[in-house]
Structures are given as structure tokens and as C-alpha cells.
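Read on for two forms of one protein chain; each stands alone as C-alpha cells, with the labels structure 1 and structure 2.
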Structure 1
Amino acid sequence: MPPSNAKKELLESFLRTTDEFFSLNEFEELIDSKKKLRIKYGVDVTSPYLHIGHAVNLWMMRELQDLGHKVIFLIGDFTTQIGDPTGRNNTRPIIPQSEIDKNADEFIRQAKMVLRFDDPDLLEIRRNSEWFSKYNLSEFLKLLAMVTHSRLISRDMFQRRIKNQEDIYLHEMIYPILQGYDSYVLESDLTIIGSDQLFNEMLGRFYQQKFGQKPQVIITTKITQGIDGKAKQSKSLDNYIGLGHSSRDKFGRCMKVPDELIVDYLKIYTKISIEEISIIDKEIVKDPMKWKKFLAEEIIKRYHDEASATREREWFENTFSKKITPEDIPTMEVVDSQWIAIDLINKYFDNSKSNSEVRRLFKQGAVSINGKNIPLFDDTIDIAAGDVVKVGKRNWFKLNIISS
């Protein structure tokens, strides 16, 4: 049982990033008990990336690990084959097992930036294929018999599809049942989730009660807008700060955070005290860039180290404030000394950008060689070894001409 001051500190820390408790009284009972808690952390590995929004939940779990509680890292390898309909207006494609395994490894690599994987008393890795791949059909029908159609169809994304006259497939409707049953199998005491998973985890509480277990406490966490100031962080919108991003990319993405979100990001994504944030809030309007850099440093310290934070701030200031070309730019080897401009830039991006995206860079005046702007994508340009090409605000490369 944690000392009263430890409980107070934990509650204060959790309240900072919590949206809702189901319920707060039950959570307090858990942390007052002598029980070593089992904290369910379930991931469906359809897309192997985590961003700092996901990491809010991970940091809360890490605090509980530091108090001696265990995180059950549940890889939903069986349910991934179905596809979680959460947030979807269409059916998710089924992905092969080999990709599921690869994505699971990548999830673990990123989660290790926050959670402790070094002690089996603090973390256990499970896969729900352990029980679902051999689950008896007659037993599964009993699970289905406990839940009404009206309860399942009330889910918001299903209601949107009905309104839009879009199909709902039966395997999608049973997904919440499978996720809920996971909580019973794992004997989950607590789960910390985004609000979009609340329906599924409430079914977890339901099944636990049905089978005579004490229902898990559910904590939903606060969600901020992405770095575009619009929708929540999403890989598809490229408006996120990823755990897998380099320290340099994290710093650069922090610079895109709208001024009005700096305080929210400090509260949710750093450990700066609320008292200090209140002072910063009054100062932001005078010099928002100063505090945006401060935010970036704090985020990098959390996921990398202080030296990286200092280095990236210096790099950013030298590059963008003092207009100094970075020393550590990559070298690209080319054969010829004469190129069509767009072909040279396409070679640098290795076809990761479409021709229309690259043409747009030229139209925006974002391509230069040795500081001289190249306005036309179809210009023929002469290059020499050591020339420095700049593309956009953050891409440089040095040319090295090799013999054919």
C-alpha cells in the first residue's frame, strides 16, 4: 500500500492527464489496497506507430510500475485479424500474420521508450491468440448470448454508418465482445485508454461482472489537437509527434504547434509543474517562439536526454535563425554533372514524394543550389561536387559526383 503522500502525488499526477474515471472511488480503493495491480494495455497492431498522445497512457502506467504494479502488454494478434472498427467509416482490411508479428515487434520497441520491460514482475507480454485461437464455438455463443443487439448497435461509429447507409459486417460487431473478454481472461484491475476505446472496455467490466470478477477500473485520458491545431494526432494526417521520430524531427514538429496549444502541450506531454506552467501562460504572448523551443526541449528530454535537447535547439537556431547550413547534412552520389532539376530532387526523395508534390516545391521557391533559387522544375542545371542543395525548410544534401 503506497504511503498517503505517494497516493496524493499519484492522484495529482493522474488528474493532470485524465479525462474521466470509471470510477474515481474504485480507483482510490485499488491504490489503497495491498494488491499488486494488473494493468491491461491492449494494442491492435494494424499500424505500428505510437505518438506522444498514446504515450500519455504509457507514462501513467509507468508511474504505477514504479509503485510495483504490473502492466499486461496485450498484443491483439487475433483481434487484429478482424480489425477494430473504432473511428472507422469503412471496414478495415485483414492483414497477414507475418505483418502482425512485425508490427508487434515495432510496437514493443517504441513502448520501451516509456514502460519498463526489464523486470518480469512489472511487465508481462501476452497475445490474445493464446485463448481465442482455440476457443470453443459453443462457449463463444454463450458470450454472444449475454449481449443484446441493441447494445452493440448503439456504438457511435455503427450509428454513423447506419445514418450514411454504409455496411456493418458481423465480425466488426463482435470485436467489442472479444476485447471485453480479454479483460476477464487477464483478470484486469485497471486499464488506461483513449476515450474512443471506452465502449469496448465497458464491455470488459460487463463480462468480468458476469463471470464473478471485480470489474476493472477504466481511466480515459485527455486528447489534444495535433500540431496542425485541428484534428487529434494521426499518422494519416501527419500532424503528430511520434515516439519513433528522431530528436531532430521531434523538435521540428514542436515548432509547428500553434501558439494557443503550447500550454496544453506542456500540461499533457511534459512534467513541468502546473505552477510553472501558469507563469509561462502569462508570458507566451510576449514571445511564443521562446516557449515553443522550451516545449520542444522538454519533450526531447523525456524521450531522449538533456544533451539531445540542447543539441537540437542549437541546430534549430543555427539553421533557421542564423541561416547557417548544417554541417551534418547527408551526401548524395550522382554520376552526371548535368541534370533536369526535378530528376535530381526525385533522386533525393527516392520516389517517396509524387511528381506533383515535387513540382509544388519548385513553384513555392523551396528549391535552391548554393543559395540560388531554382524556380523551374524542368530546368537543365549544371552541378559540381560539393554543391549544397536545399529543399523546403529542413532538407539539405551535398552532391558528390562519381565516375560512371
Structure 2
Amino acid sequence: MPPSNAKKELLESFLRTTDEFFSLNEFEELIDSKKKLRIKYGVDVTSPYLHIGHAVNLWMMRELQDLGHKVIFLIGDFTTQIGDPTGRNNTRPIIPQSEIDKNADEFIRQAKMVLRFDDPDLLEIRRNSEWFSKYNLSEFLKLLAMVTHSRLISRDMFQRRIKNQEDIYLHEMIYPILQGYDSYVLESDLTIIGSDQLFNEMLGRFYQQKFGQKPQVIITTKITQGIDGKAKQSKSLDNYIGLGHSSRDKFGRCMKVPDELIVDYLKIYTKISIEEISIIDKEIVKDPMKWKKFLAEEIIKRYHDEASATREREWFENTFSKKITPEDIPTMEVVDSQWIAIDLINKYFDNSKSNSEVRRLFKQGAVSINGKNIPLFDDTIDIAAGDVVKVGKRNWFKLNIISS
């Protein structure tokens, strides 16, 4: 039987962002089976910041949703109490339940930018405390009896710690077992993950087989460097484009991406066709900025809309290329029309910067009013309503004088 068009399209689309299938054959079988798939999407809600890297996985799931498959959005509220040791060279702090709930809400708010949450046939929300909080010890021991110690410590991360003579706490070793068991409980057919989760999800396959279930297919996705061109995107390095960022920030952050990364970003983070990207790849040296803006617009279109994309591009061009003071800047209301320069700026920053820091800004020539540089922080200046103050590259505000 020749592959259907839909399947072909799906595979092509998936190949673009897939690192590895475990296995491709099994995946194709799943698609061919015409079965409504259950896609496990397990979430660690330690910190609720989704970036466009996470969203790569979400978009793949969204594609499956659009074909009628169902995402099981699994909040790992129980396992979060343990803390996933993945990628950590030290033990993760444990966060309280109230925090977990709050984070889960925020997480969902962001995931909604990609996944459909509106149809219970396409998405259901579960929590693994449902089964683990009342799980009994003898059952648990049976689970443990199925896995050997050497299998668990074969994990690269554990190996690293052993090599460095660092501690491995027992609950950390249990974590993969619990995550794996989730797959069995949810009868997962498929899960789409970062490659760092591979070991845990492989245990899912293991347990499913042990319990007579068909093992889930695992798809790991490609990872690109962060916007600083270094490590992968992360909150702590602040080198990510977050789903929670405003469209303006998304645009700016895209512009921060090193030129060399533009093509990779187009491949992974947009739906621009591969053919078109290969043309861009050849063109790009001539005018990297043009294509970086293009990338930024595409990304904003994906999470917001076309109008925002255009608006932010224009804002960026006007503000940074043409150096036109933007229209939509905050207004600061003041009473007096005569100020010591530094007091005015301090008022704007509202104690978020120290006096020394603000003085430095003056010294470095970062402060201007209506385009005229104010070099001395202790100058007395006369201001009028409508005056525009600029501090550094990205801070502007307008003055409004109110009568007391």
C-alpha cells in the first residue's frame, strides 16, 4: 500500500525537528494503525518557563492533535517533589505543593499558545499524584525488583557523578522508575521529548513491555544553541526566547541571535519550507540582518499574529536603525519644571538602580533630553511637558508636568 499523503507530510514535517525515533518503524506502524494515539506529555513544573525550544515538541504534538490524536498533559506533581536529577550535577531542591500548582497554571497558560486545550478529546490533564500518592509499598517493591542497579547507574549523568565522586541520593535513582511507570499507567503510545529525557522514557518502554503493553514510541527532538550562541536555551542563562515574552521582546531577542544561527533557527523554529531555507542559506551572507528580521517576524507570527510581527519589525527599524524615538513610551509625571539631573533619572528608575550606577550612566554619556546629551549628573535642568528623556539604549520616557 503506498503511503498516504497525510502520513508522508507528517513524516517530513517530523523529520525536520526530530533527532531520533525509537523506532521509526514503530512510529510508522502507529500512524498506519489509524488508532487514536495517546501522546504522553510529562511536565516537570519546577519552573514554568517554556521557550521556543520546548515548543518544538509542542508543535509536533499539535500536528498530531490536528490529526485527531490525544495529548495527555501529565503534570508530574508527585515526581516534582523528588526532583528530576537529569542534567544536574547536584541534587535538585524540593519545592512545596502550592508552588507546584501555581507553576502548573502558568505552564498551561504558555502551552496554550501551541497546544489545543479546548477539546477533551484532544487533550486531557492528569497528575501523577493520582496514582503515586496512594501507591503501596509492596507494589512499589515489585517495580524495583524488575530493574537492576547497574541498569540504573548506567545513565550518563549518574556515571558522571560516580566518576566525580559525588553523591547520588536514592530518591534520584527512583525518579526514572516513576517516570517510566507513568507511561504504563497512561497507556502511552508515543512521547516526544528532549534527548535528556531518553533514559527515563526508555524505562517507560521497559515497564510497558513487562506489564504486557505495547511500548511507547519515543521521539527525541533537535536542540539548538541559545540566542547567545552558546549553551542550549535556559531560564538561568537568560538566553532563550520565551513563549511568555511579549512580541516586542521576542523580536529583540531574535535580533540577538548570532548571524550564523539564523538558518538553524529557521529550520527548527519556523515552518518555512526547506526549499526556501536553502535559498536563504545562500543569500544570507549578503544581508544577514534582513533574514534575521525575517526570522523574528516568522516566530512572532507563529505565537502571536501577522499584525504584531509587522508592528514589531517596524518598531525595531524605526527605533534602532532610524533612531526615531518610539511613540509608545511611558510618561512620567512630575511637579517641578526644574530638576537636578540625577534626581530626575533616579525618580524614573525608582530605586532599582543605585546612585552610583546612575552617576556612571551620566559619565558614560548615556543620558539625553530631546536628543541633547546631559553629561553632568548634578546639572540643574529645566524641563517642559513633552520632553523626551533617553537613558542608555533602550529606556525612554516622556515628561508631563502636573500642577501640585
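Every residue number counts along structure 1's sequence, beginning with 1. In this text the structure is predicted, and so the values were computed from the model without any measurement. We call the rigid core the largest set of C-alpha positions that still match within 1.5 Å between the two forms.
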> Where is the form predicted together with the RNA shown, in structure 1 or in structure 2?
Replying inline: 2
>> Please determine whether Lys347 and Val185 lie in the same rigid part of the chain between the two structures.
In response: no
> Relative to the larger rigid part, how many degrees does the smaller part rotate between the two structures?
Replying inline: 19
> Taking the rigid core as the frame of reference, how far in Å is the Cα of Asp387 displaced between the two structures?
Replying inline: 4.8
> After superposing on the rigid core, how many Å does the CA of Asn355 move between the two structures?
Replying inline: 8.4
